[in-house]
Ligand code: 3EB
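There is one chain below, alone, in structure tokens, taken in the form predicted alone.
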């Protein structure tokens, strides 16, 4: 059995071997950021994302574990694992000459939906996307906006509705190099979407932000393997659908944290003194790290686990983005 039940943790290379040994047979996924390091064998192949780690570390490892035994699950070029409650998987697609990010996103999501259907886990809960030159132009369209078009095409082609009932929590960030890299989590039952009353739902954005809107909910709540889970999508300094505080990283950080606070206030299971909160903070410019870290500590205290990464954000006018996950054990009644 996993030492902490279902959920995730952030680790440095120091101690990772002992951690994986203690959780042998219960590891759903390992995602590495920063400088690759050799890892001991696990039931899944580690996924590496070329995004530098800030704060003095060279490498950060995100590990997902379960309290139930984990089995490998592969299909249509996607490698994954399952504990019977959730399905965890990843896909990496190289961009060849003549291909666009739009076509790559379509291919990736077509494979993901095939993978989910094959294994009987039809409900996406959380998706993470990374690819290089996210803000660059590609045939007259920003690569991130092209990605949104391709994702939308795949949703439609596979009969997936784009609504609160069927859209996952998600994030999309720029990597320094590599391919389109996606990892994701799905379940047999849907989660519950949580939107931010301060913001327009992303899938209702106007065409000002591209031919097709992004497809994600602001947060998603689910009960998995005895844990109340609250997955917070990539969150930034956006009110309504517009970026606010252009060029001011300190004000953007405060606005971002207000948006996260607003989301957390909508889940009855969030108790600041209990449970586990984990955050990934993406900064466009590394000189903002100390200021943002001070604000995050002031908001969440020292108990939160945070990884700081140097990455381009999906909108060129955003200076930072924060995503997170909160886990709290389901209380078992004595009755």
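In this text, all values refer to a predicted model and were calculated from it rather than measured experimentally. Numbering follows the first chain given and starts at 1.
Although not depicted, the form predicted in complex with ligand 3EB is the subject of the following passage.
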- Query: Looking at 179-187, 71-79, 147-155, 89-97, which lies within 4.5 angstroms of ligand 3EB in the predicted bound form, counting heavy atoms?
  - Reply: 147-155
- Query: For residue 172, is any heavy atom within 4.5 Å of ligand 3EB in the predicted bound form, or not?
  - Reply: yes
- Message: Given that ligand 3EB is not shown alongside this chain, does residue 115 nevertheless sit within 4.5 Å of it in the predicted bound form, heavy atom to heavy atom?
- Response: no
- Message: Using a 4.5 angstroms cut-off on non-hydrogen atoms, would residue 231 count as touching ligand 3EB in the predicted bound form?
- Response: no
- ligand 3EB contact at residue 314 in the predicted bound form, heavy atom, 4.5 Å: yes
- Query: Among 260, 238, 220, 167, which has any heavy atom within 4.5 Å of ligand 3EB in the predicted bound form?
  - Reply: 238
- Within 192-206, the residues that have a heavy atom no more than 4.5 Å from ligand 3EB in the predicted bound form: 205
